[in-house]
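Heads up, the chain below is alone and in the form predicted alone; it's given as structure tokens.
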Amino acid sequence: MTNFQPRSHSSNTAILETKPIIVARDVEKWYDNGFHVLKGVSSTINQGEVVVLMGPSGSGKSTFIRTFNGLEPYQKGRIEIDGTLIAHNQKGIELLRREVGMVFQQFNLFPHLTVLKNITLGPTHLRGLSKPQAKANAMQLLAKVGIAHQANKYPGQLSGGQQQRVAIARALAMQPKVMLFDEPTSALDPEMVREVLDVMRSLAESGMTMVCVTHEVGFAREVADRIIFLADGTLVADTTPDEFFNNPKEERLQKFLAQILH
């Protein structure tokens, strides 16, 4: 387990008093086989906030986060990103994804493109940046995630942790308002987990709005402003890390923590 120390959240007070950037109200989602995966889930995430989603397998946490950028349609309820309703038409989804970056379990890099080209592709084609400007931005981001020296390599020449850091830089290159992380360390060898979590921690400290699905308890304790706990498609708890880990009130949460902390 990663050895993080809990942080004080007082430094984020000014940030957390700003406007809501993600508003989900009574979100319902069914799969085609009739499985009811989200059951009236509601939450508000403020600009600059770091929110971690936790829960047992099949609880709906990954599905919930994927509704935020249109990867998963929802059947009932309402989701707004920065005041704009998520619509299910193609044009609306494409515009939304320019504002909401996402990092997945798998890296999803183009294997035939260099690291640099993987990062500059989106900004030049979707944001209209010139190639020199996109390259300059990409190099700054690669330096930020600690792998500027790998810019001209191909993904297959990198470790899993390095590839995931490229994926984070690629998402940041689109200058998103929100960053979503769907279990970004679950496909990594244990020794590579820390380097990715360090990048995420740095993003959190910079004020980036982040929603993270993760089972990394140390990371959640240190970085999260709030932890949302989902079970069986319902929101069971939405509270601070201190309350979540040290004073869990819901029986379902108590059972979950007994399993992951021992």
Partner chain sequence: MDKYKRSLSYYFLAAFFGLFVLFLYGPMLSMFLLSLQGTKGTLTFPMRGFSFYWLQSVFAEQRVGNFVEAFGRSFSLAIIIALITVVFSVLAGLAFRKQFKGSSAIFYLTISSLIVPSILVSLGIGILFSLINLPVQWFSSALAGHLTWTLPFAFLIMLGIFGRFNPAYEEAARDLGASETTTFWEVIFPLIAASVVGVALLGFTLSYDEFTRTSLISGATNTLPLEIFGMTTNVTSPALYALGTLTTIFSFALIGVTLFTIQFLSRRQIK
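Numbering follows the first chain given and starts at 1. All of these numbers come straight from a predicted model, not from anything done at the bench.
What follows is about the form predicted in complex with the partner chain, which we do not show.
Taking the partner from the other structure, the partner chain in the model of the complex has a heavy atom within 4.5 Å of a heavy atom of H112.
Among residues of the shown chain, R97 is one whose heavy atoms approach the partner chain to within 4.5 Å in the model of the complex. The partner chain in the model of the complex comes within 4.5 Å of a heavy atom belonging to H125. Not displayed here, the partner chain is approached by R66 to within 4.5 Å at the level of heavy atoms in the model of the complex. Residues L71, F104 and R170 are all found to lie within 4.5 Å of the partner chain in the model of the complex, as judged by heavy atom distances. Comment: 156-164 is the region of 131-139, 156-164, 79-87, 185-193 lying near the partner chain in the model of the complex, near meaning a non-hydrogen atom within 4.5 Å.
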